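Just the one chain here, laid out as structure tokens, in the form predicted alone.
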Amino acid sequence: MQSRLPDPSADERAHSDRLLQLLREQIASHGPLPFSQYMERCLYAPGLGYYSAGKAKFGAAGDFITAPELGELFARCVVNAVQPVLAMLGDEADFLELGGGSGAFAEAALNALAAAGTLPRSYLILEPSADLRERQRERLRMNLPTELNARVQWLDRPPEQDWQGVLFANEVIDALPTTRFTVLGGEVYEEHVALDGEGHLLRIDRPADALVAGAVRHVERDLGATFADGYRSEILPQLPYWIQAVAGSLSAGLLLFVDYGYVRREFYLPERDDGTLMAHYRHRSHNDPFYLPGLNDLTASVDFTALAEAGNHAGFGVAGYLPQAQFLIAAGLQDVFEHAQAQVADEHSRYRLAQQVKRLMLPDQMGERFQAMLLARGIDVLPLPAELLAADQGGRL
């Protein structure tokens, strides 16, 4: 598969080699790395990781396109879905976006919130990448009216004081460093990254610790079946702790996660016996996580049943779960599309809007592969659109 991938430039290869050397030194000093630690360094190592370096990530010049990069329709629908919650919570409500990407969502969402008359007290962006933070800051400074841009604040860590409002995360959980496990002889093993005799990266399996083994056994109990010998997949034993860390201070409000993934019984299908791990490089996907470390986005699909359990553990209840296409329809995509079409006169712009809808909605694009989950607490009656509540598929979890 690597032969079909574009060749990196000399500078890109040199960048990857620097990260590779760092990984080799860490493995040589401390022994094989759990895959989750390897993935964390590939994505977030200061100055070298995929999200920490200056390389373009999003859009045509990057490696993949997220829903907000397609245009404003996605953000406007999200605002339609959540703005009644902001309105109910009043002037003290905030909006927190995890991982702001290029800033495209924040730009469109703030304009839509202003148009709806439900601007939050603050629009908060929790962005771990200093490079992306600066790109977001510049984009919003250039494109937003001064009074809207003044509401934007960047956070170094999740809010520590109690707050109310909406937390939104698009394609965030798939980038959490994932644990890879396998079952051998009835025992749970964790995948590690080691070095061969020539300094090349290779995967080895070691007996899992109690946290990983316990998480795998929990999944088996929930599925009512044990994994076959040699079955390999991903799991996020840290997910309950992560949810508590990012959302534990939200005293009243809504969490909205949009990501690609499955309910548990589909995530761990017997035939999906090598998991869901993927690497993304220049709009191509492949399954070699050791190819050009630092230049690829590494991701794994989301077990939405695990996300619901983690939310419950942190005190949130599932308010809705449904495919992205149905979420967008329920959030008024038809009206949003028609309004956007009425604002443009040329055929090229109308065509681009139609293409946006296709990418967002078609089953083989984002419509069915991506799912939306809403989690709530501290609200007696949740003011979500009736169409959204009617389309809920939470029973599948």
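Residue numbers run from 1 along the displayed sequence. Owing to the predicted nature of the structure, the values given are computational and were not obtained by experimental measurement.
One more form of this protein should be noted, the form predicted in complex with a small molecule, which is absent from this view; the next part is about it.
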Give a yes or no for F35: in the predicted complex, does one of its heavy atoms lie within 4.5 Å of a heavy atom belonging to the small molecule? no
Hey, in the predicted complex, does Q356 get a heavy atom within 4.5 angstroms of the small molecule? no
Whether E191 contacts the small molecule in the predicted complex should be assessed with a 4.5 Å heavy atom distance threshold; does it? no
Taking the shortest heavy atom distance, is G100 within 4.5 Å of the small molecule in the predicted complex? yes
All three of L126, L132 and W242 touching the small molecule in the predicted complex at 4.5 Å, heavy atom to heavy atom? yes
Assert contact_stretch over 43 to 51, 336 to 344, 23 to 31, 357 to 365 against the small molecule in the predicted complex, heavy atom within 4.5 Å, equals 43 to 51
Heavy atom within 4.5 Å of the small molecule in the predicted complex: which of E171, D205, D94, E72? E171
Could you tell me which one of A175, L140, A325, L256 places a heavy atom within 4.5 Å of the small molecule in the predicted complex? A175
